[in-house]
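Shown next as structure tokens: one chain only, the form predicted alone.
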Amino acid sequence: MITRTTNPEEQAGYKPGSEKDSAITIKGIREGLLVTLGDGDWETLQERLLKQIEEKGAFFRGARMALDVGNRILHAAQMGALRDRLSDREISLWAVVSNSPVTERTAQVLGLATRLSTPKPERVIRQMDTQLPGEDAILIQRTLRSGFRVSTHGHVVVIGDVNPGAEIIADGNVVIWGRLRGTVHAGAQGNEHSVVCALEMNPTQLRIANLFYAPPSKKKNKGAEMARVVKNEIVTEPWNTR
């Protein structure tokens, strides 16, 4: 069993730490993305953040964002304007973290969270519960809850749901006999022939090989679906489970 350290920003072609992004740090957390603003004028940093979002639209689209503004004092008009501009780009601002009591009260008035949850210790499924004949696979007969992480060179079959905060990384296919609402990366070694199947497809993040799936902003449950690569793009189609 090999556990890989994944960095969603780097996987999407995003390169934090570059000169133009030196005052803006973006990283993945359990609840979505955490954006930390360094030194600089609020209006300038806001525009630079929005520019980065536009340059990497597929990576940010549909994301839940928490914003750490440090000691900045922000009022309702400033914070509300940014929230609306992010919403126009299909990004949900759900939390603003600050050392300023004024900014914290402003966020609360706007209905935003002001604290991030304490990460739970990562629980990794290390042992193969059973093996399907012919190919290496992990069969998991339970729901994967937040904090669980599965990593394997073979396939993964889950009889149960994959909840937000749970993660599956497989070099082969991922089949979920339940709801997919967490993170899945199939074909992790670059195999674009891998597929992801679920009875309900509503992932936090889905990847096949080096491609990202960008779900519609208002995706309705279409029943069982299969995600696969077609012409260098991940598409979903009905999954005939019979």
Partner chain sequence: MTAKVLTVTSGKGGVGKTTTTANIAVALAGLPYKVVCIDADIGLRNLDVVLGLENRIVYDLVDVVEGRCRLRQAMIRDKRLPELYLIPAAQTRDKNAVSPSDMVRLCDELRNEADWILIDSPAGIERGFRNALAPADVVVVVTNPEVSAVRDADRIIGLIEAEEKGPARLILNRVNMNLVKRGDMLNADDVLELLAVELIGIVPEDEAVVVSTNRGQPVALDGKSKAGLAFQNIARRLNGEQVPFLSLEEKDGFFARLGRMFRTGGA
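Keep in mind it's a predicted model, so treat the numbers as computed, not measured. Positions refer to the first chain, counted from 1.
What comes next is about the form predicted together with the partner chain, which is not displayed.
The partner chain in the model of the complex is not approached by R115, whose heavy atoms all lie more than 4.5 angstroms from it. Interface membership of R72, defined by any non-hydrogen atom within 4.5 Å of the partner chain in the model of the complex, is ruled out. Though the partner is left out of this view, R179 does reach within 4.5 Å of the partner chain in the model of the complex, counting heavy atoms only. The partner chain is not drawn, but in the model of the complex it has a heavy atom within 4.5 Å of D84. Using a 4.5 Å heavy atom cutoff, none of D68, L139 and H193 lies near the partner chain in the model of the complex.
Annotated contact segment (heavy atom within 4.5 Å of the partner chain in the model of the complex): 107-115, selected among 93-101, 107-115, 168-176, 151-159. In the model of the complex, the Cα-Cα separation between G111 and G165 shrinks by 3 Å or more relative to the displayed conformation. Inter-residue distance, G147 to S87 (Cα): reduced by at least 3 Å in the model of the complex versus the depicted form.
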